[in-house]
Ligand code: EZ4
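Here we start with a single chain on its own, the form predicted on its own, put down as structure tokens.
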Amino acid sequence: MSTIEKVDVFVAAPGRNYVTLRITTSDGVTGLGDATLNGRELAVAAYLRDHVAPLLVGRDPARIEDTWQYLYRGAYWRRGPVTMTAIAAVDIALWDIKGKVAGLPVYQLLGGRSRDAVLVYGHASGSDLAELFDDIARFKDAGYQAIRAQTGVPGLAGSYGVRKGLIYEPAATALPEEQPWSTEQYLNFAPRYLREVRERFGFDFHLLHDVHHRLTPIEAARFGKEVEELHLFWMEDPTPAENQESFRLIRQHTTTPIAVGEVLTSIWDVQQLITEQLIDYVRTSVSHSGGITHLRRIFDLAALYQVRSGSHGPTDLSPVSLAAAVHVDTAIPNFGIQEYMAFAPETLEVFRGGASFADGMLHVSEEPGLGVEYDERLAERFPYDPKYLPVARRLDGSVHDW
């Protein structure tokens, strides 16, 4: 019987910081998992090296569900982003191995195709409306059928989602950058600029917007009602999701679809949101929510309540995560949309293969397993570079949700 023989954890920064797990079996088969947690990478790396890797050596790599339960229920200390990201990395790597042993891409092991390709949305942004309009035009020319629109709020240097250069990466400084924020200025400006986007570009594409947890429930209700005529595909993370009940208030006041979940790590974190139909899209990600095994469980629950998937997928999740997400997206019946951001050239030199983009869609790899290879030696040329996500402060100096 094949067993897990070796577990390696790599921390490198080809384009940005990534933590990559590689599991090797006694038969010489390898599987990759993504253990990246933006701004807390070393915490997950230590969790894997010091607490998880010793538990895996000698185990049967084919027993994916048993290993998941062993790492989750057996540890006593459950959930949380560090734990669930570490479990996800192991789970994804084991699915990669299982696909390679079977000679099949992972989506075939999940039941085969439910669709031919995976709809994605791109991230258009600008420091002002002129730059945003240029960026939206660029994405439309590239074939994107769905576009998220973010622009700077006049007078606020801390507007969320405005890209510097071609790659968006908010974790950019050795210590957290403190950014000013005014909810009042945002609420006065955002509906107006989204209206101008529709006036300029029309309704022949899906328009998305990320509020990024910054509003109270009643403020989010006001925003959602103001933009109803714009037919947003969704408003994302309108308010912090720790209090799932708060979304009932938003739901009572607006028909604008709601997407939530990128910072939530388990089925229990989204249970009420799904079962009481307080959201339309669940955005849990494969690398922060316990891997393919647990993400599929979340999406199966969501399917019962007509909630669709909209998985988190920025460039702080590596091509391994993107590949795993697209395998799940291809297989599930209640897929909605997949977040997608192009990777830096250095990233694609270290991580080769995986999902491919064409005509506004991602196409799953037909290679056995996930279809991604990791160049360990090349990764050594890109040492870890500590960076943190920003912190938002209201204009009175108090800390606000970033």
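Everything quoted here is computed from the prediction, not taken from an experiment. Residue numbers run from 1 along the displayed sequence.
Another form, the form predicted together with this ligand, is not on view; read the next lines as being about it.
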Which of 205 to 213, 274 to 282, 136 to 144, 89 to 97 lies within 4.5 Å of this ligand in the predicted complex, heavy atoms considered? The stretch 205 to 213
If we test each of P176, P314, P240, P81 for a heavy atom within 4.5 Å of this ligand in the predicted complex, the one that passes is P314
The one option of F189, Y107, F247, Y160 with any heavy atom within 4.5 Å of this ligand in the predicted complex is Y160
- Task: Look up in the predicted complex whether D269 has a non-hydrogen atom within 4.5 angstroms of this ligand, and give yes or no.
- Result: no
- prompt: Closest heavy atom of E236 to this ligand in the predicted complex, within 4.5 Å or not?
  reply: yes
Next on the checklist: Given that this ligand is not shown alongside this chain, does M341 nevertheless sit within 4.5 Å of it in the predicted complex, heavy atom to heavy atom?
Outcome noted: yes
Open item on the list: Since only the chain is shown here, I'm wondering whether H294 would be in contact with this ligand in the predicted complex (any heavy atom pair within 4.5 Å).
Closed with: no
Taking this ligand in the predicted complex and a 4.5 Å non-hydrogen atom cutoff, the residues of 359 to 393 making contact are L389
